[in-house]
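Okay, here we've got a single chain as structure tokens, the form predicted alone, with questions on binding and movement later.
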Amino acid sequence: MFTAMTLCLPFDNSYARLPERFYARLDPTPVAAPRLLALNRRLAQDLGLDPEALAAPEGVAMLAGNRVPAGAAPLAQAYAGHQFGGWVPQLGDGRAILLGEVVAPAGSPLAGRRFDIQLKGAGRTPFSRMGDGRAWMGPVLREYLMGEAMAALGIPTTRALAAVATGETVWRETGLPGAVLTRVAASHIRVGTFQFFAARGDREALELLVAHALARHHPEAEPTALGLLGAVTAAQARLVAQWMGAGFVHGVMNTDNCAISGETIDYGPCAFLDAYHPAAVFSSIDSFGRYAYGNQPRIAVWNLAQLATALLPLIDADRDAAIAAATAAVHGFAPAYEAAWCAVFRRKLGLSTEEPGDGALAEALLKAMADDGADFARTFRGLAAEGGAGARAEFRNDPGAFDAWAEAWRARLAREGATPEARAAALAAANPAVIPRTHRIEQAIAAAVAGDLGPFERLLAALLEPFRPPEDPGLAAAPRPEERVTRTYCGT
């Protein structure tokens, strides 16, 4: 039996006030021996929560799902989705339970913003589909690192509030230590949430969901389904452009992993590029490269088209007119993405003004990098060195290819007139020195499973200040051949 705990969280649960067909109400399943692995104290304070109370036994019990705090309204959300292009009419939170929502207090950097507090790995739900509803330590720590790294890079993302070991074994072909992630998100509403109700012909639910999503995420948009579609399209264009600028490969851009808020959500088989290539794929189950790095903008459009299809009944009673309006809205992705992508890569090239050929200049560098196998992050970071010497050093097979490109780059920089010092500072501020490289994450996970959280903590500390060279230079290094990780797994 659960009892409400005395730890006070300022819950205000708007999603739980929607009709009950939007979710299933249930409590998390208790675990054997909860133990705190990591606590995001800064995020806790920004949300108006007491880090010391969260770190105390009663707080850890809440973060593990053993106690339900007063004011919580635990539920598992219903949604559907296309997974690798295949339609699944019912997915839902199979191992996650939303405890409730908090609004960040005045004086916080997040003041006035509403956030979900969700436990991931909290046990079976009606949507578990034969799964155990649990998570093992590896994916929990990976998501913690990836989310905090993305936040530090300024990319919209879900965040990690805490990671807790459960003291139980989770079976994934072999026995592994269990864990629970406390995830913080602007919301967990996905394209698949709209698809769930559209597939059932539930117009009332769609109308309620549109109104809820507009009020929560896009209050500036026209208060219609078409207004929501336009706002989500713009948000996804900005997000994917930032992914591309960071060399990030999501790995599983299913419609149930496409958040209406415009945040990055669900860090499964994701990775940051080492050697650059547009066809780079990491996910072990992405056999045909559907979610390759260079395909992400096209998949974003595909996902938006599925959202548009779900919203058609609300856009216009005349289906042809609805299709025309929705198509026009989704077509807004291309110019918005191009503008955002060019803005991202201008900064990465140290440019502060706009010229028509800037996109082609960036593309030319990327092509040269792909041909040579140059490291993505280190090449761009290396542009800050005198004359781009650090970037040139990444062209190990044909440095002349960089020289040919750099001639045009230097001519473009000369037209801006910035001092070399100012230009170097701008480049260093736009290109991270350290990223969450997959081999370092795997090393940190292996150490944590063996009982040593030191590598995880050191990597996390470096990722929280990504534009500052790390104390351990190895964290900024590309993997040696024997360290390369070419396949990643979702961990479910």
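All residue numbers refer to positions in the sequence shown, first residue = 1. Keep in mind that this is a model prediction, so the values were computed, not measured.
Heads up, the form predicted together with adenosine monophosphate (AMP) isn't pictured, but that's what we're talking about next.
- Interface membership of D274, defined by any non-hydrogen atom within 4.5 Å of adenosine monophosphate (AMP) in the predicted complex, is ruled out.
- Adenosine monophosphate (AMP) is not shown here, but in the predicted complex it comes within 4.5 Å of a heavy atom of G92.
- Of the heavy atoms in R381, none are within 4.5 Å of adenosine monophosphate (AMP) in the predicted complex.
- At the 4.5 Å threshold, heavy atoms of R129 reach adenosine monophosphate (AMP) in the predicted complex.
- Residue R172 is the only one of R113, R172, R200, R298 with a heavy atom lying within 4.5 Å of adenosine monophosphate (AMP) in the predicted complex.
- A heavy atom within 4.5 Å of adenosine monophosphate (AMP) in the predicted complex is found for exactly one of Q83, S284, S108, S352: Q83.
- Only one segment in the set 233-241, 251-259, 385-393, 286-294 has any non-hydrogen atom within 4.5 angstroms of adenosine monophosphate (AMP) in the predicted complex, and it is 251-259.
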